[in-house]
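Below sits a lone chain in structure tokens, taken as the form predicted alone.
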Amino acid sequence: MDVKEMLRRLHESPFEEIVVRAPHSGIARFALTAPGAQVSGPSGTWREKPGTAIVRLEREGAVRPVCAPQKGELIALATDKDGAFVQAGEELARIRHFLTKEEVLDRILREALHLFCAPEKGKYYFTAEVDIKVKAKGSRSVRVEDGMELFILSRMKRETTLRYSGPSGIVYAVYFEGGESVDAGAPLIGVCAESELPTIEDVVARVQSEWEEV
């Protein structure tokens, strides 16, 4: 994986387009009238404060806002549907969201690292020995190899041991919190081969020092 080439491509196209769709059917009343406006995404400790209201949907006497899911520039708005009945899933707007440092790093690492994913939905924990090491010295102090007992899966009041499968390396990223439910297929850890560690760390340092957020 050429992470430097990946970073170059992200520099050339440092944004993503987000399509805002109607979450349910109803009569659309647009709160914004033209593209070009800057919108805010959810905020607060738990993202409990909604983003900018783009559209309000009326159904059976109830009015619910459809808010921007991310900060960005409104680049398209389906104002031809203003006052019309729309179906769930219909496109209402598009937002150009410029990637933050954290989002760029997350994208690079998820492509560059070997992701070991949850085989089924449940709560995951590191085994006791690994958990002590992670809490004392951080996840990157843990070296894994194929077949190593690494996780405890808790599901339906039963706990089973889960072995790691994949290339040897260090645990560079942890994508779960102990005790929180993880969906099947979601990454648990990202593993980096020790020989690739200098390249990864160089790219991470470059993103942190050079990436300009809009």
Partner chain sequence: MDRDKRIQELGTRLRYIQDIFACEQNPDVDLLTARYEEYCARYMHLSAEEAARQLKTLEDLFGFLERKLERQLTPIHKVRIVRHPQRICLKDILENVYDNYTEIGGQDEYSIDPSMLIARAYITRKRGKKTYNQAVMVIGQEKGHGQEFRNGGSVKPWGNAKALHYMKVAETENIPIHTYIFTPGSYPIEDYPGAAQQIARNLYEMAGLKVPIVAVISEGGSGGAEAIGLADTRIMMSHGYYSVISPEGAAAIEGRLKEGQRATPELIARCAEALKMTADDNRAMGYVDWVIHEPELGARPEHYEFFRKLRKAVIASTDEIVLEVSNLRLFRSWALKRHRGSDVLDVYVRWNLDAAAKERLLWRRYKKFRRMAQHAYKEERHVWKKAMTQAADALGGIYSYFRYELLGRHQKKVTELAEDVHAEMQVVMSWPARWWNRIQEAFSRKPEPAAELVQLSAWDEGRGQEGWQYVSPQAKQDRAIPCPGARKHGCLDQWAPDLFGDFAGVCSFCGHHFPMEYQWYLHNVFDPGSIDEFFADVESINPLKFPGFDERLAEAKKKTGHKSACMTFEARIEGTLVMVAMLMAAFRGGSVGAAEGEKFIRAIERARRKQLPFLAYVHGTAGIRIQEGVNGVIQMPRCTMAVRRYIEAGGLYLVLYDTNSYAGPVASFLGCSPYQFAVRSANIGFAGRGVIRETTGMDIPPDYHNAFQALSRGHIQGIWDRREIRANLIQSLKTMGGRNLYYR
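Owing to the predicted nature of the structure, the values given are computational and were not obtained by experimental measurement. Numbering follows the first chain given and starts at 1.
Heads up, the form predicted together with its partner chain isn't pictured, but that's what we're talking about next.
Colleague: Going by a heavy atom distance of 4.5 Å, is Gly61 a contact of its partner chain in the model of the complex?
Modeller: The answer is yes: Gly61 has a heavy atom within 4.5 Å of its partner chain.
Colleague: Is there a non-hydrogen atom of Thr33 within 4.5 angstroms of a non-hydrogen atom of its partner chain in the model of the complex?
Modeller: Heavy-atom contact with its partner chain at 4.5 Å: absent for Thr33.
Colleague: Glu48 near its partner chain in the model of the complex, any heavy atom under 4.5 Å?
Modeller: Result yes; Glu48 sits at the interface with its partner chain in the model of the complex.
Colleague: Want to guess which of 53-61, 158-166, 172-180, 142-150 is within 4.5 Å of its partner chain in the model of the complex, heavy atoms only?
Modeller: Of the options given, it is 53-61.
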